[in-house]
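Here's a solo chain for you in structure tokens, the form predicted on its own.
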Amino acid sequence: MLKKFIFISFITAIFTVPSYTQFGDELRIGGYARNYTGVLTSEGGELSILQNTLNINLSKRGDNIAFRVNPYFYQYFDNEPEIGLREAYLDIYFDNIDLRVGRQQIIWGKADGVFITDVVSPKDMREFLLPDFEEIRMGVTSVKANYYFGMNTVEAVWAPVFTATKMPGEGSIWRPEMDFPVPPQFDHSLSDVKPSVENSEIFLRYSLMSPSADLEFVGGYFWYDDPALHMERELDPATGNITGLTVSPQYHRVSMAGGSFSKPVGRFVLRGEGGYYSGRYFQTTDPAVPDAVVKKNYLHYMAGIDFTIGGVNLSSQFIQEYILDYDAHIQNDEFETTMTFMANKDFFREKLRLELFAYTGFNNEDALIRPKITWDFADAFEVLGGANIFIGEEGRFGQYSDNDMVYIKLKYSF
């Protein structure tokens, strides 16, 4: 209740600031109010989500300094209200260097709908991949420095505080099913990464933006945002069967190096992205491994193409994940192959947009198909209707085959 009171008081104060205050006309206030209602298509038509959102953007810029603050408020029909701060940072400008200090979203890479070298900002996966990516990416408290020379930029990020992926809670329809041989006990005593200089994360990026191509090289030494599930097994000495299981989620350091590019070629735009991860942990069923996890190196890469035909914007991506030095006991496949397809077209002077985005998983013959229609009903008021259709019985998308839904969003921007 105290957090809710503080948030409401803050918003009230912002919108009642008189024009003669120190902010003057330079303080920019924007954002949106939104209602988001989703209904499962299964028998009974249960609500999958009923969310009211208030998102506020506050910013001000001077000659050598600027700031941005982005608080948000979510109200649900089946959960406690949520108040958060997506971004809150200060910018300081020098001749060839910019500094940004505070909570910020940092976006890397060229892939659409998938995270390959986009590793700085942690992810909110409580509703899988369905929210806008601005809402999936969480802000990370960090210091970012950009150095500019010609068409080149060198970016360095230091994050002193680790933030893990937000996963669906107990009872959520988006909580992945986990297959354990016996009901486990969970021990979270080793899952805490204490804020310290030793536990901080560092990231580097070099980018070139030219008329002929955009190019990035990136690297980082950081905590992988998803935990490895270390398992302590109790065995029956007579039969060797598992009689007890203690699961200990733990986070581990990884190193990553990679890059991305985009290049116009005639009427096409070619895109590519790839990352090499050293030190990722994977679950294994090998009885010789005492804690059921193995450390492997891993490749994640994408090749994509964008083009337009008859006013229809089209895009497709081939995405693959590859575990090096693979063995058959690892629960993930050696190669995981996914493709995406996107098509959209505007009508009536961009008042109406039809769009289709689809993921297709080849390993398990599953898919997520997302058609939607957006109508700019009036100035600053938008109506969006769509569906999320899951195909298959298992795999990344097929595991949610009971979660097919239709939804509508009413959004007013200010």
Partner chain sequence: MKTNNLNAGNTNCKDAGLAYAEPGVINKIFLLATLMFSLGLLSSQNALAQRIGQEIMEKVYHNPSGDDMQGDLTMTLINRQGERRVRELRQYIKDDGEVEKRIMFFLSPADVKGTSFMNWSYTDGSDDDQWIYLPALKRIRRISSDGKSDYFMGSDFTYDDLGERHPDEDNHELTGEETIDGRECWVVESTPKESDYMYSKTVTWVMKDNLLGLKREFYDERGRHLKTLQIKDYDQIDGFWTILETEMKNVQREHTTNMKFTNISINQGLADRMFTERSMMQGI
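Residue numbers count along the first chain shown, from 1. From a predicted model like this one, the values you see are computed outputs, not experimental measurements.
Below, we turn to the form predicted in complex with its partner chain, even though it does not appear here.
Colleague: Of the listed stretches (277-285, 143-151, 156-164, 171-179), which one has a non-hydrogen atom within 4.5 Å of its partner chain in the predicted complex?
Modeller: Stretch 143-151 is the one.
Colleague: So its partner chain isn't shown here. In the predicted complex, which residue out of His300, His230, Arg271, Lys296 has a non-hydrogen atom within 4.5 Å of it?
Modeller: Of the candidates His300, His230, Arg271, Lys296, Arg271 is the one lying within 4.5 Å of its partner chain in the predicted complex.
Colleague: Work out which of Phe335, Tyr76, Phe186, Tyr93 lies within 4.5 Å of its partner chain in the predicted complex, going by heavy atoms.
Modeller: Looking at Phe335, Tyr76, Phe186, Tyr93 one by one, just Tyr93 meets the 4.5 Å heavy-atom criterion.
Colleague: Tell me, yes or no, whether Lys60 is in contact with its partner chain in the predicted complex, where a contact means a heavy atom of each within 4.5 Å.
Modeller: Lys60: no, not in contact with its partner chain in the predicted complex.
Colleague: State yes or no: in the predicted complex, is some non-hydrogen atom of Lys351 no more than 4.5 angstroms from a non-hydrogen atom of its partner chain?
Modeller: Taking the distances in the predicted complex, the answer for Lys351 is yes, it comes within 4.5 Å of its partner chain.
Colleague: Residue-level contact is defined here as any heavy atom of the residue lying within 4.5 Å of its partner chain in the predicted complex; does Lys194 satisfy this criterion?
Modeller: Because no heavy atom of Lys194 falls inside 4.5 Å of its partner chain in the predicted complex, the answer is no.
Colleague: So, Ile107 and its partner chain: in the predicted complex, are they within 4.5 Å at any heavy atom pair?
Modeller: Yes.
Colleague: Would you confirm whether the three residues Glu201, Gly258 and Arg370 all fall within 4.5 Å of its partner chain in the predicted complex, going by non-hydrogen atoms?
Modeller: Negative, none of the three is within 4.5 Å.
Colleague: At a 4.5 angstroms cut-off on non-hydrogen atoms, which residues of 111-135 are near its partner chain in the predicted complex? List them in order.
Modeller: Residues within 4.5 Å: Ala111, Asp112, Phe133, Glu134.
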